[in-house]
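Heads up, the chain below is alone and in the form predicted on its own; it's given as structure tokens.
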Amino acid sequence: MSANALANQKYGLLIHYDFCTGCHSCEMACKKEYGLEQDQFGIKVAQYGPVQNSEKKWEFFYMPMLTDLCTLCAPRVAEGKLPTCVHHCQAKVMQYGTIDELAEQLKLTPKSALFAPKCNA
């Protein structure tokens, strides 16, 4: 791949929400890294459930979601580090990479979501 093609790569996060424990470590790491105010988030953990679905099974999961404040930690990544949310995820349910790489991984991992933040636009 050419250097120009590498420079045009889009990056994102793949989150395996089936294994997220809802510990909010990603939120806290982001807030601390960027000094965000109490009501500001670069990543926010949402909760679904507990809800009994039509198959009489219970659903209950957490989903970390990126906000428009997320830059995928561009300064950290430029230093060769992972985004702080990925680095501090206690359950290791987050992957950072190119959208192409993560899309391939998404095909293999049910209950996952791929986020391409606005900073990639």
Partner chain sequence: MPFGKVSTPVQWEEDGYTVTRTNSWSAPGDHPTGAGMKLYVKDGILEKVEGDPEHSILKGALPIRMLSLPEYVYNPDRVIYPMKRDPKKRGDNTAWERISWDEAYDMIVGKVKEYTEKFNSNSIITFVGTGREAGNWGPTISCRVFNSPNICYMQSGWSCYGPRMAVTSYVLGAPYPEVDYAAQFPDSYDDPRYTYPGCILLWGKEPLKSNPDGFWGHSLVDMMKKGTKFITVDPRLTFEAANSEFWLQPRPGTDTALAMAFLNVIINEELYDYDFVENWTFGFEEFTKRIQDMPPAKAAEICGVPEEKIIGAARFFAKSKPGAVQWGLAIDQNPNGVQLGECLIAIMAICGCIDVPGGNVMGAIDIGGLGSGYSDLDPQDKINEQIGVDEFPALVRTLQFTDPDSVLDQLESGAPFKLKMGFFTSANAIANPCNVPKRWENALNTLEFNVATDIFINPTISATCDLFLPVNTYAERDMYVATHYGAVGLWIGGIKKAITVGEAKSDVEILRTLGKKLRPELWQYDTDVEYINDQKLKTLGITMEELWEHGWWHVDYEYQKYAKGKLRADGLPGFMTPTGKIELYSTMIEAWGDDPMPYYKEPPTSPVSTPEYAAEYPLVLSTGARTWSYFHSEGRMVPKLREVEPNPLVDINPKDAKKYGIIDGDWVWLENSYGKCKMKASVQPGQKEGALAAQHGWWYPERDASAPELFGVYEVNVNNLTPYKTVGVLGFGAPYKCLMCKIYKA
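Positions refer to the first chain, counted from 1. Here the rigid core means the biggest group of C-alpha atoms that line up within 1.5 Å when the two forms are laid on top of each other. Computed from a prediction, not measured in an experiment: that's the story for all the values here.
The same protein has a further form, the form predicted in complex with its partner chain, not shown here; the description that follows concerns it.
Within 4.5 Å of its partner chain in the predicted bound form, a heavy atom is found for all three of 28, 76 and 91. At the 4.5 Å threshold, heavy atoms of residue 24 reach its partner chain in the predicted bound form.
Taking the partner from the other structure, its partner chain in the predicted bound form has no heavy atom within 4.5 Å of any heavy atom of residue 100. Although the partner is absent here, residue 38 lies within 4.5 Å of its partner chain in the predicted bound form, judged by heavy atoms. Taking the partner from elsewhere, residue 50 is found to have a heavy atom lying within 4.5 Å of its partner chain in the predicted bound form.
With the core held fixed, the Cα of residue 39 is displaced between this form and the one not shown by less than 2 Å.
After superposing the rigid core, the C-alpha of residue 55 moves by 2 Å or more between this form and the one not shown.
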